[in-house]
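So this first bit is one chain, no partners, the form predicted alone, shown in structure tokens.
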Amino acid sequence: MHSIAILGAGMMGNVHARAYRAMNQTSTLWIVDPVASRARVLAESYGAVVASFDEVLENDGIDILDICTPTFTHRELAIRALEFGKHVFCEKPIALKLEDARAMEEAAEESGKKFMVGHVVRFFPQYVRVGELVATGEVGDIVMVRLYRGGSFPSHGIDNWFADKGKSGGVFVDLSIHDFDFLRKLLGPVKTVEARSAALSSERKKDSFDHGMAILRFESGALAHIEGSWAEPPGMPVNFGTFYEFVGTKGMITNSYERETTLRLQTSIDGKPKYSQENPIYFDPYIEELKSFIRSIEGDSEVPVSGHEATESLKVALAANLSAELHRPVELSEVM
């Protein structure tokens, strides 16, 4: 059993608190948030204890800190926690700048503690299934990909921090990074990024774009089209949705939140067409993600998403931002 402190009582803090309680892996759960009323509400919902950041750092009985705060706070919180000898789970994106992400990696290495970043899409069943199908060669080599991820503007951010590109990184860094990370894991290193962005939503005053499109060229030769949006109208029947299409040399895998069938597989091997529809067994990806982190601690094994992995995915997102600003393709080597 572990004693875990969640930093941040917002949406993701709630998701993680619910997951920990469902896992029955905690002896005590602690909630830290600068807004005392938010901390109390979340603590009361999950039988947790409200505390300050300094209190959880100095409490030797607390072995895990789970960072669910806005991105611009990640570096300071993670490094301090690691210096105090805590294992750290940090929500994605790891940071806003590569120098901050690398400082967090270095702090983790020096501490000897586990440090994992929450790229949860790797744990969603429909994405896990894509990994399995690609690994077995059922659709051949992936040559082209299309992905969409989007919804209305994230109004839950305290002080509207998502609207400040200096605090959230914009839609590529905060949202599309999910798809950048999954594709990096699946297809390998990215070589170039060409992106464009726009400010489409007038619902909230913003100084950053809320809809973006990026074309990724991988070192393998594969191409991917990734679109991310915070500009869908609020109040729609579906608040958030995703779509993907993977085209391989032997077939296709498609998935959309708009279809009842979760996944469609079409292949043609030796001239023999095959069509199947699947609903991968559902499991809570957040529970699976946090379980994997705890297993890494207990077994002293590598975490599934290291600081280095998260930093490489951040680099792709930053390349997309740079390309959108310069209106030209950007080599990954340009992002330092």
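So that there is no doubt, residue numbering starts at 1 and follows the sequence shown. Keep in mind that this is a model prediction, so the values were computed, not measured.
Not pictured, yet referred to below: the form predicted together with a small molecule.
Listed stretches are 246-254, 218-226, 86-94, 126-134; the contact stretch with the small molecule in the model of the complex is 86-94, by a heavy atom cutoff of 4.5 Å.
Only one of Val120, Ile79, Leu186, Leu265 lies close to the small molecule in the model of the complex, with a heavy atom inside 4.5 Å, and it is Val120. The single contact residue among Thr73, Ser111, Ser152, Thr192, judged by any heavy atom lying within 4.5 Å of the small molecule in the model of the complex, is Thr73. Contact here is defined as any heavy atom lying within 4.5 Å of the small molecule in the model of the complex, and by that definition each of Val32, Arg38 and Asp174 is a contact residue. Remark: Gly140 does not count among the residues lining the small molecule in the model of the complex, judged by a heavy atom distance of 4.5 Å or less.
Although the partner is absent here, Ile158 sits close enough that one of its heavy atoms falls within 4.5 Å of the small molecule in the model of the complex. Proximity of Cys68 to the small molecule in the model of the complex falls within the 4.5 Å heavy atom cutoff. In the model of the complex, none of the heavy atoms of Tyr46 sits within 4.5 Å of a heavy atom of the small molecule.
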